[in-house]
Structure formats: structure tokens, C-alpha cells
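Have a look below at one chain only, the form predicted on its own, in C-alpha cells format.
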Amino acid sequence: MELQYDEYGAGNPHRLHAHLFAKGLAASGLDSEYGAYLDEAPLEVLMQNNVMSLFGLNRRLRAASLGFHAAFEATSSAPSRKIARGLQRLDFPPEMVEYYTEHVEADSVHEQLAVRTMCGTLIEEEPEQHANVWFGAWAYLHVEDLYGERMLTEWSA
């Protein structure tokens, strides 16, 4: 609950993370409508979302869903810091930078909640779910790696 409360702006609708992102897109001159760039998204990005949805929509995969989420939270704070610095260096609007700076601190807190509280508690209560948590974490890292490889290939071309 604590993690979701934070994602949804801690009670402030102007601090919803989705709202901050849309504000950043608009300030950058990009279309902020939901799904506006879906047709341009690489297959690997859609794969990330489909794997996450598969886990989240199937109760039997709830431990994998938690592992997927925990791996995301555990690996997002440092990249958010780098993205924010890059956006500042490129003179992007402060609204776009704010979305990423918000995630530097937030995701370091979310990491602890996801790994220790959510996954840790599940494994304590249901030790047989241990492998499924690891599978979810591996799945996240794998699809993220596929996306990274795709981007490196395109950038080197």
C-alpha cells in the first residue's frame, strides 16, 4: 500500500507519477496522450509490459509478479539519476527532469519495500514461492536486457 500510495502522488493528484510524466512530455513538445507512441514502441518495450501483465493477471504467478516488480524497483534509481542529469545537460524542460529526479529517491525507498517487505514477507509465509520470486526477477532483467541490446544495436547503426 505504501508503495502504491507514493506512486499515486501521496494524496496529491498533481504528484501522480503518471501525471508528472505526461507534464514532462507536454513541456518537451511531445504528445502526452496515453498510448500516443504505442505504434513506435520497440517490440522489447511491449514485451516488458506483456510479461508484467501476464504475471499480474494470473494469481498463480503472484510471486513472479512481485519478483518482477522488485527487480524493477531495485534497478531504477541509478538510471533515473543518470537520465535526469542527461536531460538537464540537453536543456530539457524542468518538468521532464522532475519526473526522473522524483524517481531517484522514490525508487530507492520502493526497492526496500518491494524486496524486503513484499517479497521477503511472501517468502517467509510461503517458502515454496521462493523460486517464483526469483523467476519474476529474472524475467524482468531478461526483458530489460533484450531492450538494452536493441537500443545499443540501433545506436551503433
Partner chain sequence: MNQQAPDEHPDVILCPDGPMLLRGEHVIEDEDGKEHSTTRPVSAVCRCGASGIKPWCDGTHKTMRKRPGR
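Computed from a prediction, not measured in an experiment: that's the story for all the values here. Positions refer to the first chain, counted from 1.
Below: the form predicted in complex with the partner chain, not depicted.
- Gln112 is the sole member of Gln88, Gln112, Ser28, Ser32 with a non-hydrogen atom lying within 4.5 angstroms of the partner chain in the model of the complex.
- Site annotation in the model of the complex: the residue of Met47, Ala106, Ile123, Leu54 reaching within 4.5 Å of the partner chain with a heavy atom is Ala106.
- Taking the partner from elsewhere, Glu95 is found to have every heavy atom lying beyond 4.5 Å of the partner chain in the model of the complex.
- The partner chain is not drawn, but in the model of the complex it has no heavy atom within 4.5 Å of Ile83.
- At the 4.5 Å threshold, heavy atoms of Glu2 reach the partner chain in the model of the complex.
- Interface membership of Arg60, defined by any non-hydrogen atom within 4.5 Å of the partner chain in the model of the complex, is ruled out.
- Just one listed stretch, out of 112-120, 125-133, 61-69, 32-40, contacts the partner chain in the model of the complex at the 4.5 Å heavy atom level, and that stretch is 112-120.
- Along 47-77, residues Ala74, Ser77 each place a heavy atom within 4.5 Å of the partner chain in the model of the complex.
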